[in-house]
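Shown here is one chain on its own, the form predicted alone, set out as structure tokens.
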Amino acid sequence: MMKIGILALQGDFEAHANRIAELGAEPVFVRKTEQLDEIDGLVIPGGESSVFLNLLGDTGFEKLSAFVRTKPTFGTCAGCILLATEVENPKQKGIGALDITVRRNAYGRQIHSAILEGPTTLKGGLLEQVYIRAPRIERVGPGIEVLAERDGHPVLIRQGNLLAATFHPELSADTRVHAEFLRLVAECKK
């Protein structure tokens, strides 16, 4: 059984764990970087990206960066921001694993949260997308595969073993995004 870590420092990590378990993998709450050695893939949930940086500290950030460069990782909302090469509004450091520029809180404040449906390259028709103070991907590099868009901006992307969403698929009944991540993890384990 695949062991999927969920960075459990903040955000709705329990919703991710429930979805991972629903799809047949074992969720592991990662609260210490030593736990990264025990998992096959990692979910970095939403929350506040600057808080993640503070909670991780320099050593934790370096260990997380090393993991992301070698194992499948899925970032949602703040997780997407952490994986980015460039972060704006305001500028902050990212891991630099995804060749993207992302703008924090680009779709507005909490009051502007929305649930939308949009086209996706994932099989099964329109994809439900739950936005809460969501970032917007402003630029993608040549190695990025866009799996879904909102108003002409990528909202679900893949680059190698990395998957990122600017929305919260863990809050939707649609399981396809997490299933796609588990497929990446299974491919990597082969």
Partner chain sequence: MSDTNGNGLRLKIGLAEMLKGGVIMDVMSAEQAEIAEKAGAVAVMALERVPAMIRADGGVARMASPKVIKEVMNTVDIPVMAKARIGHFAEAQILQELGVDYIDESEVLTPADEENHIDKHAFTTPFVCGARNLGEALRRIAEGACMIRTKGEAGTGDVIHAVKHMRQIVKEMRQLTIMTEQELYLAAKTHQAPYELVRMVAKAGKLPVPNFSAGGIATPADASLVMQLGAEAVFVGSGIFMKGSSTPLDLKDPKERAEAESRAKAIVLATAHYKDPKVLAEVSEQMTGSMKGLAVSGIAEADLLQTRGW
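The shown structure was predicted, so the numbers you read here are calculated from the model rather than taken from an experiment. Residue numbers count along the first chain shown, from 1.
The next section is about a form of this same protein that is not shown, the form predicted in complex with its partner chain.
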query	finding
Within 4.5 Å of its partner chain in the predicted complex, all of D12, V51 and I111 (non-hydrogen atom)	yes
Contact residue in the predicted complex, from K63, R69, R133, R139 (heavy atom within 4.5 Å of its partner chain)	R133
Residue contact check: L171 to its partner chain in the predicted complex, 4.5 Å heavy atom	yes
Proximity of G47 to its partner chain in the predicted complex, heavy atoms at 4.5 Å	yes
P119, heavy atom within 4.5 angstroms of its partner chain in the predicted complex	no
Any non-hydrogen atom of R103 within 4.5 angstroms of its partner chain in the predicted complex	no
Partner-facing stretch of 119-127, 157-165, 140-148, 53-61, counted where any non-hydrogen atom is within 4.5 angstroms of its partner chain in the predicted complex	53-61
Residues in 146-162 close to its partner chain in the predicted complex, defined by a heavy atom within 4.5 Å, in order	none
